[in-house]
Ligand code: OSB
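One chain comes next, on its own, written out as structure tokens in the form predicted alone.
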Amino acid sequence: MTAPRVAVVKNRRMRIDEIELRIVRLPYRSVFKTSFGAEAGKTAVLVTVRSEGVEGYGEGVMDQLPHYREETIAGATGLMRDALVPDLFASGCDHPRDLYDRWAHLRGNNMAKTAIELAVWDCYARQQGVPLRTLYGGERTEIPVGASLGMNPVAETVASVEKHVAEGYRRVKLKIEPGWDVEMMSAVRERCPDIELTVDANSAYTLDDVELLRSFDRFHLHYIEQPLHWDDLVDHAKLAKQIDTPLCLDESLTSPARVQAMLELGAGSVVNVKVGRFGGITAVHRIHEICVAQGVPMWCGGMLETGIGRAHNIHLATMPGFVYPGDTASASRTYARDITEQQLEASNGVMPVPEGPGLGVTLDRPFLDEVTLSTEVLRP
């Protein structure tokens, strides 16, 4: 792996004229079940930053309730309204990369910060007339993608795995929890012995389950994702010494410092990157430097984003350190209709990067209005 060559573009201070906070609700094609519970749709915060006639879009991946991490939509929009947006109006922005450190005095709340930062990055790239991947230092025009499957009956899961393998997906990830693991993995491996298979526990196990987790070694998984507590590093380090399957951390990683701590403790050897969890693109660039320097594989996780968040993930995953297939599969797997006019669809396990300035996608405004729950426009 080599470090990305980040594009140098003409600096021009952005004047932020208006910011729109829009909450939308999109139904899923089918219920998505994990160890957190079952979800029938996505509620998301869409941020639009307007600057001198140009719009940029970001998406917040916080939930209505704190199931994944501690942030919620109500808390995040409150922080945006009370602190982040007023700061942008007052000070503008020389470059989007500056916002991560500028907002560091506001502890945590990474998803709220990221939602606005992503919109600023998109707006800035559109003003410069370059794709976001160019600003990020990404060189690829397409990326390998995997499919993430929720918890369904074993026969249905095996059929779904076979379907996705036939469609060319490079990796299949199964959601698991105690009692919903060995039987399913056995059935999948029997029918698909050679696929790149991973599992995601979303913190459903404890160290009391070491023998059970060790039994997963026989399934030759590419990695086990976040088996233990959502904010833990120490127990993961203990587990890693007792099993052969590599560990990948997700919820536990919230900053470059946490990634470095994971590596020093031996708590994991693969990094799931969700930009909202880390607080923005600048944080991801710093994590990328750490991982590339130490030969640690990265991949782009997903939160069942709408087309805005999905497009951001696609551009992010063009950076050279993202070496494993990510959760940026075809949008049509999740939604019957998305909020972007462009269809973000993979072919033979490969997702093309949207073309054009910024994200390279535009909003399907009539449908967007149909799925909007509330809109708030903020001005200086």
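Residues carry their position along the shown sequence, with the first being 1. Just so it is clear, the structure is predicted and the values come from calculations on it, not from any experiment.
Omitted here: the form predicted together with ligand OSB. The next part is about that form.
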In this chain shown alone, the residue from 71, 181, 196, 250 with a heavy atom within 4.5 Å of ligand OSB in the predicted bound form is 250
Ligand OSB isn't shown here, but in the predicted bound form which of 158, 296, 303, 213 has a heavy atom within 4.5 Å of it?
303
Counting only non-hydrogen atoms and a 4.5 Å threshold, tell me whether 50, 124 and 282 all contact ligand OSB in the predicted bound form.
no
Candidate stretches 198-206, 283-291, 132-140, 73-81, one within 4.5 Å of ligand OSB in the predicted bound form by heavy atom
198-206
Is it the case that residue 236, even though its partner is missing from this view, gets within 4.5 Å of ligand OSB in the predicted bound form, heavy atoms only?
no
Residue 110: touches ligand OSB in the predicted bound form, heavy atom cutoff 4.5 angstroms
no
Though only this chain appears here, would residue 59 touch ligand OSB in the predicted bound form if you measure heavy atom gaps against 4.5 Å?
no
Looking in the predicted bound form, any heavy atom of residue 327 within 4.5 Å of ligand OSB?
yes
Residues of stretch 128-148 in contact with ligand OSB in the predicted bound form (4.5 Å, non-hydrogen atom):
148
